[in-house]
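Given next, in structure tokens, is a single chain: the form predicted alone.
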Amino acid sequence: MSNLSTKALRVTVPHALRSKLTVGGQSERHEKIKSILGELFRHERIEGYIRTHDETRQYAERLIELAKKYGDRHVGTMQLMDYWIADKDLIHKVFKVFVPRYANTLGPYTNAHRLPIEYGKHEHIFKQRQNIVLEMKNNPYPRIIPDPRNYSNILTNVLLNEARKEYRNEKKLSEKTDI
């Protein structure tokens, strides 16, 4: 087995979960992963069902790792890209956009954020599905989890800081007069 095999994923997906992903068997599962990979590489941020998208995330990570390591001149890498990516223009995007973007990054190259479960959307309570947002890191879109806010300029904080300064100054003056 060559080192290009997709069996060497970072996080393995148990066989029981893989069988539940699609009804049509292995080939149908591969087609589903190919379509999700195409959407992810094209749009750089997608939303979907956690089981399929979490497994697809691992394949995306592996394809980018191989593209970084071997480049577009390597036959095995190009065969894997050709198999897993249906739209051939996306293969060029992987090598021209993602490889330079992640050249100095060790990985992972994707983020997954869980979305809240929407109760009452389905008829049956057991059909509630956990969805995630899967995105490529450093994409051009706004962050899903915003940067922490700076609360230092809010009026109450400014007043409290000034009161602390006055208290410290008075304390220093009283210590100097006591000496």
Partner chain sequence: MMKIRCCLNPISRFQSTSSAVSRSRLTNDEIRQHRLRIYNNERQTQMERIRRVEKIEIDVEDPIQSTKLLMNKNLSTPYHCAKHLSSVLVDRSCLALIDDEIVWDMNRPLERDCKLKFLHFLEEKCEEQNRAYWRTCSFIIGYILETAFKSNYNVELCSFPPPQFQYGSFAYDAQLNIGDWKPTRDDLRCLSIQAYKLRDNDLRFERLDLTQSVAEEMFKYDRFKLAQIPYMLRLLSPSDNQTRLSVYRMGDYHVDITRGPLISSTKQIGRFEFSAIHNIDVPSYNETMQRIQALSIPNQLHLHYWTFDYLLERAKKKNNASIPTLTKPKTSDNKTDKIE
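Keep in mind that what you see is a predicted model, and the values were worked out from it rather than measured. Numbering follows the first chain given and starts at 1.
The same protein also has a form predicted together with the partner chain, omitted here; what follows describes it.
> At 4.5 Å between heavy atoms, only one of the stretches 134 to 142, 45 to 53, 109 to 117, 147 to 155 reaches the partner chain in the predicted bound form; which one is it?
The contacting stretch here is 147 to 155.
> Answer yes if any heavy atom of Leu159 is within 4.5 Å of a heavy atom of the partner chain in the predicted bound form; otherwise answer no.
Yes - in the predicted bound form, heavy atoms of Leu159 and the partner chain come within 4.5 Å of each other.
> Is Val23 a contact residue for the partner chain in the predicted bound form, using a 4.5 Å heavy atom cut-off?
Flag for Val23 set to no.
> Output the sequence-ordered list of residues from 159 to 177 with at least one heavy atom within 4.5 Å of the partner chain in the predicted bound form.
In sequence order, Leu159, Leu160, Glu162, Ala163, Glu166, Tyr167, Glu170 come within 4.5 Å of the partner.
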